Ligand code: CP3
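Consider the single chain below, provided in structure tokens and representing the form predicted on its own.
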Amino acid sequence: MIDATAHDEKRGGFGGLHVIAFESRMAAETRALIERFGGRAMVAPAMAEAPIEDNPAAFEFADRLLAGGFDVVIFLTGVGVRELFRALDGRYRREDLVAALRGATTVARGPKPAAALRELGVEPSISVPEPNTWREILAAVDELAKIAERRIAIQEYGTANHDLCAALEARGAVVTAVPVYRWTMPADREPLRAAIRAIVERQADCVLFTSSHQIANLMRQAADDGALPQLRQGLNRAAVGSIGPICAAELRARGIEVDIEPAHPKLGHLVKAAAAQAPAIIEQKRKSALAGARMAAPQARTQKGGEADISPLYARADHPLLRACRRERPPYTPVWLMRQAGRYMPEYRRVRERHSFLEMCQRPELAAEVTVTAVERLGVDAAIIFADILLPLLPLNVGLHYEKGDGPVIDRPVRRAADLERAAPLASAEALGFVGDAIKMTRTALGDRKPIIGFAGAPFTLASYLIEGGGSRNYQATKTLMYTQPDLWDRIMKMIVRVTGDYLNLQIEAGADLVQIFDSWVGCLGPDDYRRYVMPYSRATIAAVRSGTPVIHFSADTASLLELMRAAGGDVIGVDWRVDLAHAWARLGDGVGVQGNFDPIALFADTGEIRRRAKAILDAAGGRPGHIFNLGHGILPETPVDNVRALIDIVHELSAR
């Protein structure tokens, strides 16, 4: 039964606002509730339940249950209880299963699975009260004695609850997930597409979500339609309501602000809360948007004919970051961060849980999503496209893949002429078009507000991975080949130069405003080796970049190579925290900008220390045109997000002119 007042709530309710919801089983009830509270309802089912037929996991569960193999069985949904026993009918006697369940501890997540169990003749041992998220389930199970080594089965609902499983396993339990049905896209997707169009075209005033699966399917459909960035923008313009904490966490993980969350996770409470709060929320958002537009164009200039010119404060080519690349004086020091879209952000981790690292790189909608989320969350002055420096090695068919915890691995390293002969004919940047597509999606999402940075690994760094087969401490194989087979080294480096140059230009053609070349490992060389074995190829790569596109040339641990890096090329030279910025710039001389060089570890300090260190770097730059504030290397995975945001704000504040 829907928990809502029975009388007409039009007065003081939505007041005619356009409200979109994505309910499936309760679509009619949802529409009636929205209209009762004075809204114009659009209900677009976003998911469908599909029972798993001939389910081997369910059969294994039944066999183990009958053999006394489970101490605790957790039931998460009423539909799941019924579907599980329906799947087992015909193979097992229901009375035997019920008897076995009575011999175990049964946990019901709320009243619906409890009612389904009672229909079977099983009184739940524990009924978890509202809001019954995985945390409340865990707390209930924690009250049992000796969780360690307990054998626990969890009836899934659509997808596995990884948080609950991980928490139980961390306590020493042996956990078995029992899938019963899965969530699929609705058979008729046209209502969902119509809802997406309404949100994108700003026709939605309030959008309500009652399941995290609705969010996932909505995003999937928008990605299929090429409208994911526009959908996110449209949602953040509307008043967004979430039925409960799981749903709200999913929205926030995808960069969507949650405006309304009722005290009780019930449909009726959600609609009632939205009706009470949405009008004021929408009015405030519209005022904020108008104020933002006015700030973007603070001085309207009158054109011929009397029309006001309300251009943004910065045309993209005049953005402070691009002005810094040209060594012009910007109104403040621009700041972006290497690995600004990474594991330290919960939004990134939520996406990463569902997809491998390489899949995230190769699926443009995912790469664009995490790229844009980082920009919007942090307030940085540029987006750097989510990719990896080693992607130009993918077309070589050398078995590049990414091992969890170990980073990139190459199964078939190139150490002999025969190895190169196998890989060289395949070398082409055309296979990396997915990066260009991600840049295009990012540009659509950001408009002209922020520059986009493309990037690639420098020839030496790519060659070292290609030869070593992965990361290395001493680069023995790389340097041995370099010293003993100079002709083969030359052929490898020239192949990489060609592919990398084409790849960088592919990114520029897709919409990248500038590019960065990462020579992450060249610090293992001395000046003489750099001059002979690296500089010609780095110079050739930079020269291949389309004329007029700024190039940032970055490397780590290269205090002894700064002058040589300057000679190799680049509009801006990136330096790490091991050198004093003022001293480095003096060595580099006029005619080049400098990027850096905050120690990434300092982001673990308090904001007072962060401010002190940021000020020291800005003082070292002395307001000199051409400084881009950045870390000396990438953000570390455990870095507090709030400290990163504080650094951005501090740099903008202290450098404002």
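Everything numeric here is computed off the predicted structure, so don't read it as measured data. Residue indices: 1-based, along the sequence shown.
Quick note: we don't show the form predicted in complex with this ligand, though the next part is all about it.
Visitor: Just to confirm the contact call: exactly one of 90 to 98, 335 to 343, 497 to 505, 441 to 449 touches this ligand in the predicted bound form at a 4.5 Å heavy atom cutoff, so which is it?
Guide: Within 4.5 Å of the partner lies stretch 335 to 343.
Visitor: Is there a non-hydrogen atom of G407 within 4.5 angstroms of a non-hydrogen atom of this ligand in the predicted bound form?
Guide: Close contact exists here: in the predicted bound form, G407 approaches this ligand to within 4.5 Å, heavy atoms only.
Visitor: Is D388 near this ligand? Define near as a heavy atom within 4.5 Å, in the predicted bound form.
Guide: D388: contacts this ligand in the predicted bound form.
Visitor: Would you classify R326 as touching this ligand in the predicted bound form, given a 4.5 Å non-hydrogen atom cut-off?
Guide: Contact check for R326: no, nothing within 4.5 Å of this ligand in the predicted bound form.
Visitor: Would W577 count as touching this ligand in the predicted bound form under a 4.5 Å heavy atom rule?
Guide: Answer no; every heavy atom of W577 is more than 4.5 Å from this ligand in the predicted bound form.
Visitor: Which residue, W585, W521, F85, Y537, is the contact with this ligand in the predicted bound form, using a 4.5 Å heavy atom cutoff?
Guide: When this ligand is considered in the predicted bound form, the option within 4.5 Å is W521.
Visitor: Could you work out which of I384, V107, I467, A227 is the residue within 4.5 angstroms of this ligand in the predicted bound form, going by heavy atoms?
Guide: Partner contact (heavy atom, 4.5 Å) among the options: I384.
Visitor: Three residues, R352, F357 and F455; all within 4.5 Å of this ligand in the predicted bound form via heavy atoms?
Guide: Affirmative, all three are within 4.5 Å.
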